[in-house]
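A single chain comes next, written as structure tokens; it is the form predicted alone.
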């Protein structure tokens, strides 16, 4: 079994808040990340797939194809957007990095399986100090 990883990046804004809570409760729980005027990050996304190496190509999956899938299914939908308002796959979710990783997984799993590769991990780096890794449910 071989693992390969592709890195992409995007910029997006969000606000951590629960609409059923008042501003005071949101600030208590989420701090400055609950700024009503939003805030943003320069995210790094690492997508790792696994599979057997094709003896003809020497690839698990052509990295160019992997990049195209990530760009069409994730980057084009989220880059320079507000996750709370404009990103369909984040609708109904608190816009945390954890939920973002789950949403990205859901966007990528099936198209990658159709190409014969299994999604292994989605890693989202929010800041130089904070990142999440999601390995599916």
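Given the structure is predicted, the values throughout are model-derived calculations rather than measurements. Positions refer to the first chain, counted from 1.
What follows is about the form predicted in complex with another copy of the chain, which we do not show.
Residue contact check for residue 42: one or more of its heavy atoms lie within 4.5 Å of another copy of the chain in the model of the complex. Another copy of the chain is not shown here, and in the model of the complex it never comes within 4.5 Å of any heavy atom of residue 108. Of the heavy atoms in residue 69, none are within 4.5 Å of another copy of the chain in the model of the complex.
Mapping the unseen interface onto this chain, residue 114 falls outside it, with no heavy atom inside 4.5 Å of another copy of the chain in the model of the complex.
For the partner-free chain shown, 126, 127, 128, 129, 130, 131, 132, 133, 134, 135, 136, 137 of 110-137 come within 4.5 angstroms of another copy of the chain in the model of the complex, judged by any non-hydrogen atom.
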